[in-house]
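Coming up is one lone chain in structure tokens, specifically the form predicted on its own.
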Amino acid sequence: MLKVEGIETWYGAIQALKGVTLDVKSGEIVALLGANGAGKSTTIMTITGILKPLKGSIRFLDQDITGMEAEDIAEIGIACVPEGRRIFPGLTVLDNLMLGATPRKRASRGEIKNDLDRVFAIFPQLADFSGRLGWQLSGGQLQMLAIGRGLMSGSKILLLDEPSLGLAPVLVQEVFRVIKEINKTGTTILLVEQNARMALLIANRGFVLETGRVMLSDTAANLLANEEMKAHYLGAHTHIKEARQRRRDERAGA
């Protein structure tokens, strides 16, 4: 569905992406992982046309979209839920959602209504709070609204940039559950996350960025088992759990 080949993106004199290559197949959840400053958000902004690559190509459904304007990319079926939610705080929940449908110039009212019903089915709180202003929502509700607005675009692929950022652990669990549910209904997802473990638990495959380059790529299961991933991205608790399990196994064997 989406193929990025050798893209190089610069911020003035600073090169942020140094030949990034990745792909997303229809129906997948693909995780794009890495530390702060690795180039994850820059990759998303380059795919969506906010930034223009100086080298490389981006193809979506066999169409070359390299250098296309952001609004044209949104219209052909790529939607982005940006880091920080970026909803309109002075507008109601319903108005924010309806703004997500603006790229759909050919959609009928019935199609828009069906997608609105779908969003409310996934996020019942948004239906309850449809008349509330954006600034009256909690952090978790704002993230629901941002994802719902992305779904209203009727996109074929949804790019999620750090959806768990700043949320309490219980809300992080809920966000990842919803992402999985959205994928099961037919939406392909490219997921940018610092929470590598949670992302890989729901993803099919993953790519790991480091200083603007793809350093690792594999199935999610293989990345979870990868020693380099454990050491640098999955946290010390992974090793502690495995050590405890080994001790339990040894005791059981004895």
Partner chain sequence: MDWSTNLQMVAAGLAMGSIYALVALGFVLIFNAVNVVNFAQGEFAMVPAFVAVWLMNSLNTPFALTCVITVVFMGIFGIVFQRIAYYPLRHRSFLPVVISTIGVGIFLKNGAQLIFGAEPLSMPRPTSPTALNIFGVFVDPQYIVIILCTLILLGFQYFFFEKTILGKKMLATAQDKQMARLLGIPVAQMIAITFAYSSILGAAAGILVGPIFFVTKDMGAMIGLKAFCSTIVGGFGSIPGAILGGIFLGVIEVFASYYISTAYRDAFAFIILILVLLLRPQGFFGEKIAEKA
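The model shown is predicted, which means the values in this text are computed figures rather than measured ones. Positions refer to the first chain, counted from 1.
The same protein has a further form, the form predicted together with its partner chain, not shown here; the description that follows concerns it.
### Task
Report whether all of Glu8, Asn204 and Ala221 sit within 4.5 Å of its partner chain in the predicted complex, measuring from non-hydrogen atoms.
Judged in the predicted complex, none of Glu8, Asn204 and Ala221 sits within 4.5 Å of its partner chain.
Practice task
Heavy atom within 4.5 Å of its partner chain in the predicted complex: which of Ala127, Ala107, Val178, Met98 fits that? Just give me the one.
Solution key: Flagged contact: Met98.
Quick check for you: of 182-190, 213-221, 45-53, 23-31, which stretch puts a non-hydrogen atom within 4.5 Å of its partner chain in the predicted complex? Answer to the contact question: 45-53.
Heavy atom to heavy atom, is Leu145 within 4.5 Å of its partner chain in the predicted complex? It does not: once its partner chain is placed as it appears in the predicted complex, Leu145 has no heavy atom within 4.5 Å of it.
Would Cys80 count as touching its partner chain in the predicted complex under a 4.5 Å heavy atom rule? Contact with its partner chain, yes.
Next on the checklist: Can you tell me if Pro89 lies within 4.5 angstroms of its partner chain in the predicted complex, counting non-hydrogen atoms only?
Outcome noted: Yes - in the predicted complex, heavy atoms of Pro89 and its partner chain come within 4.5 Å of each other.
Practice item. May I ask you to state whether Ala70 is within 4.5 Å of its partner chain in the predicted complex, using heavy atom distances? Key: Ala70 belongs to the contact set for its partner chain.
In the predicted complex: members of 111-138 within 4.5 Å of its partner chain, any heavy atom: In sequence order, Leu133, Trp135, Leu137 come within 4.5 Å of the partner.
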